[in-house]
Each structure stands twice: as C-alpha cells, then as structure tokens.
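Below you will find one chain, with nothing else, as structure tokens; this is the form predicted on its own, and questions on how it binds or moves follow later.
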Amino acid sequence: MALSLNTARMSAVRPSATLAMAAKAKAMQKAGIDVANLSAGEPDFKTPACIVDYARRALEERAAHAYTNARGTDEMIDAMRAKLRREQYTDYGVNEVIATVGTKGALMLAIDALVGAGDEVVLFAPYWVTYADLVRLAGGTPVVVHTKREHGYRPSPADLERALTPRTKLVVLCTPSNPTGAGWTEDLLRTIYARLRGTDTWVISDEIYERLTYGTFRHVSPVSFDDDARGRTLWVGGVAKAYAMTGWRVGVAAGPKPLIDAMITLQQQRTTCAAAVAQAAAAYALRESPDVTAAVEEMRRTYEKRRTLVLERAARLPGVAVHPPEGAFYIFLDLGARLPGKHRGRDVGDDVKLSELLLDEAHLALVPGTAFDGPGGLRLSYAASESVLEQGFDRLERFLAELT
C-alpha cells in the first residue's frame, strides 16, 4: 500500500542546497576521500571555553534540565534586552523579545505569523537559500529583486520600487549578506525605510553576521532609525556565527508585541522552547564578558586575514570576478564569463553542474549560486583553515584551467 504525503506543501519546498553539499562532502571525507570543504556556513572554531564552562555549570542545576517559558528563561530575556540596547541602540520590553530554536526558527515563526495566500515577500538575490522556501511554505509568493556584483550586490531605489505592490506584506533584509558578504550602507537602509513609511509592509532585518565585518564598513541596524522603523521591523539575530555556536541552536528576535506574541503561540505548539542549557550558554555569550568579547574579536580577525587570502587567490582566476565582502565569511565567485563551457569534452552548462564536477572530480565542495537565486556563481566559505583554503583554490585553479 502506498501512503501519500501532503504533496501540495512538499512541492513548495526544496532540500537545503548548503546542507546537502556539506553533508555530501562530509560523507566523502568519512569514506577516506580528501575533500577541501569550503561549503559550510558555520565557523570552524570551537565555542569559546568560557561559554562551554558556563553551560556545564548550568547543567548542574535543575533548571537546565526542564522546559522553559516559550519566550525564554528570565536570564535569556535579560541578556537579549541588554544586547539589543548595547548594539542596536534600541530598548525592547520583556514582551518584545523571544529566544527561538535557531535563527532559522525565528524566521520560520515570523513568516508563518505574517504571510498567507496572496501575500508577496520581497527578497534581494542572491539570498540565503531558506528565505524563499519559508515564504512558499507559508502560502506567500517571493518577489525577487536581482542585485548585481558591479553594484556591490545592493539594490537601487528603482529596483525596490518595481518590486513593491499593494500585495507586498514583507521585505526581508540581510546585511552583511549570505551568500555574498555584501554590507548595506546606512544611507541605503534609510532610503528603503523612507519608501515604506506610511505603508503596512513589515520588514525582517536578519543581522546574524553583524559582528563579522571588515575594513571600514560599519554595520548599522535599522531598528535604531526611528519609531516607524522600529514599529515595522522584526530584528533577527542569534549566537551561531559570531560566537561559534551553530550547534547550540539559539536564535534571538525582537519586535512589536503583537508579532512576538504570535511567534510565541506558534513556538508553544511546535517546539515548546529552545533547550534550557543552550539558552544558558547563549545568555552568557550575549552578556559579553571580557573573555567572550576577546574570543569574538580573535575569530573576527582570523576571518579578516582569511578574507585577504581568498581575495588574492580569487584575483588569479581568469574570467572570475568577485565583490570584496564587507562582512560574514563568504565570497561569491562570479563565473558568468566562464559558463557555459566544456571540461574534458563534457558540457558544463551551469553552476550546478560545475559544483557537481568540482566535488566529484576535484574533491572541492562549493555551493552553486543557483541555490541562492544567483545563477553563474559559486559560494565559497572561508570559515576554514588557511591550509584548506589554499588547497581548495589550487584545485579550483587546476579545474578552471581545463574549462573552455
């Protein structure tokens, strides 16, 4: 007997290309194959020892073994609010914050609470793979604004204007960006918010990479602009990237009480709460003791050094262009001038085929740009050691030398 699935829902979502590529690369490594894995969107550092030690102490207490309030523990709520005052320059009440099961959990809850059939959600491509699928799962329609490398992967006001319609329910921002590392200027963000003033359009500001910025770029959170911006924005962040805590699965969101209340109701019925011990660790991280701050800055400086390396190596790849990332730990290799092509007599029609051949033959794992609605590109993560980065570029250089 063949039992059926909810095919309407499942047809609206695709497997995560980033997780799939990372899983395949890890499986090959487990089988003994030497893979240069530059696909992972997670730090290669361990969680700072002081955070782990705090979590270990929390495990000795009964509270860390039990369910927590769906909003989060008192400790976590206090830490979230303190972090937002310190870095977003915005005061949020106890009833305006929530701790979620990962930052992805915050995005899922918010989009489900806001978006329904007939609603449109503006996304700026290349965008993180999950945004569009979450919108479709909620019944909404992604409206994609394609940005260009030559413009720093930033939209123009005219680009935004063309995307907005009476059905626009939500605009999703991510700066610094995954997959391009592009950082958006304060002037651009203020221009976007000025256009939305007087509308009933919400904004999600995904700032998960806010602490990982380079050079002269300075991250500015739009929730600090004015009451209108604060009142239409869900701020989303977490501990995964800056604190090397991806596996702890704790996200943070802050916004107007009606939206946070809706997210809490959904979280109560779906996941109950983020894990108590993980919340304890996250709260300690967000409070930023001197040891934590020093560890975050050491990781950031390491990424900045690696960024210099990958930009130097990328500049040596004929026909490949990049925009120097202002933040995060990715570069987006633009191979539009090299595709389609042939490699040893085989057709390489697009970035998806290219990434498959790179993994299978060159043992180099990169994520195809098509997954991010950025066809012709490859995302390379420099959350890897310098030796692995050098190895990866050596393999990419040799492969591209045979791509005609």
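Just count from 1 along the sequence shown to find any residue number. Since this is a predicted model, take the numbers as computed values, not measurements.
Just so you know, the form predicted in complex with a small molecule exists too; it's not on screen, but the next bit is about it.
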{"item": "The unique member of Phe225, Phe217, Trp128, Tyr303 whose heavy atoms fall within 4.5 Å of the small molecule in the model of the complex", "value": "Trp128"}
{"item": "The unique member of Tyr330, Phe124, Trp235, Trp184 whose heavy atoms fall within 4.5 Å of the small molecule in the model of the complex", "value": "Tyr330"}
{"item": "The small molecule contact at Ala240 in the model of the complex, heavy atom, 4.5 Å", "value": "yes"}
{"item": "The small molecule contact in the model of the complex: Thr103, any heavy atom under 4.5 Å", "value": "yes"}
{"item": "Contact label in the model of the complex: Arg249 to the small molecule, heavy atom within 4.5 Å", "value": "yes"}
{"item": "Proximity of Tyr284 to the small molecule in the model of the complex, heavy atoms at 4.5 Å", "value": "no"}
{"item": "Contact stretch among 288-296, 254-262, 240-248, 82-90 - heavy atom within 4.5 Å of the small molecule in the model of the complex", "value": "240-248"}
{"item": "Non-hydrogen atom within 4.5 Å of the small molecule in the model of the complex for each of Ser355, Leu359 and Leu400", "value": "no"}
